[in-house]
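Listed next as structure tokens is one chain, alone, in the form predicted alone.
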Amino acid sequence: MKKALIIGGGAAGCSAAHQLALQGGWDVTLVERSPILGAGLRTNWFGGHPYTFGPRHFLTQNRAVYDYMNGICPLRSCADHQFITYVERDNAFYNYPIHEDDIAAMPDRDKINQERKMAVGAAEAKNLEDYWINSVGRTLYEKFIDQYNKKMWLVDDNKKIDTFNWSPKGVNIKSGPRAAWDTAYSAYPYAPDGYNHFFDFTVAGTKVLLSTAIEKFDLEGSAVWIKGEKHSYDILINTVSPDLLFGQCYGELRFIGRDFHKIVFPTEHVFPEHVYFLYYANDESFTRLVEYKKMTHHKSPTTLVGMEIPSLNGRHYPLPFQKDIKLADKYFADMPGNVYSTGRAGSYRYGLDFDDCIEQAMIMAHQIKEGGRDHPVPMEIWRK
């Protein structure tokens, strides 16, 4: 029987373990530094309310991925969910993505519409600021994009952000239904503990080592050292930042973290009926608020709201800067064929979510079955 080591027990690691189990013929070990599986997707409780670290509705355009999750954790639809953004200069909440109906109601709509007519050259833009201004004009950029992205990425100038394929574009100004994602399946588990069953179910039959750190890697030899002992495998599946596997020999890959605050309010609901997330595009320190009952359907006379403040606390979001992506690519180029790197951290791609981790695991398992891969980043999903 072949042996596989999975590094990390979040969504990517657990998904990989299950795909290998479905394939059969693998003796799988999963190593996780923390005492739990699931990372930020694991449901915890505060004030009697279930919550995860940030909003974790299941959003995918892949029916096979949706059916897979639904078969493990039965899902209810969240298709009615909406994002709204508070714009302080108008003292108003607007839909996001930007909507034609909201523009028509803005006090400076004439100026906005004139700027939109003059907005050209987005395809040649070299940074986030230029792209948005050349897509929707300066006024909408300043209302929705400018301050939000500066605090999101802890920069003082959006021209420093030189990738933007992950960002909704000016062409996404909506004129139809107001649901935030019209073409995707949006859902959340019925179970009070959310996705917790997924993490337990997917590692059944896997040897799980919690609160365990890997001290040394031999990637070419598919070996690691744990508690001073060498362990060898046929393949390694990595879900942590790739620089860690190489002792950061080319430099450290940068991430943005989050300070997360939980607030219980003495009312059954706080947000409007279909609004799950409130975004704040001004000079507040926080980026968004989340009312968890909208997803969990938890019954209580109080409600729990989570507040997210970008910080350097944790490695949650890979930076969407060319400099950092190119550094990650140097590590990927050095990965031997027996090493796979998946998930948001393992792929070093902002924008990869739970559904992408599952899809990556499915693709990876197919590649392993067919004899391996010929490139360290084999599918475009890795490049989101």
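Residue positions are given as counts along the sequence shown, with the first one as 1. The shown structure was predicted, so the numbers you read here are calculated from the model rather than taken from an experiment.
Omitted from view is the form predicted together with a small molecule, to which the following refers.
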The listed residue (Val339, Leu319, Ala39, Val28) that reaches within 4.5 Å of the small molecule in the predicted complex by any heavy atom is Ala39
The small molecule: the contacting residue among Glu359, Asp324, Asp353, Asp334 in the predicted complex [heavy atom, 4.5 Å]: Asp353
Any idea which of 93-101, 308-316, 142-150, 223-231 reaches within 4.5 Å of the small molecule in the predicted complex, heavy atoms considered? 308-316
Would Lys330 count as touching the small molecule in the predicted complex under a 4.5 Å heavy atom rule? no
Even though the small molecule is not shown here, does Gln61 get within 4.5 Å of it in the predicted complex, heavy atoms only? no
Taking any heavy atom pair closer than or equal to 4.5 Å as contact, tell me whether Ile112 reaches the small molecule in the predicted complex. no
In the predicted complex, is there a heavy atom of the small molecule that lies within 4.5 Å of any heavy atom of Ala17, even though the partner is absent here? no
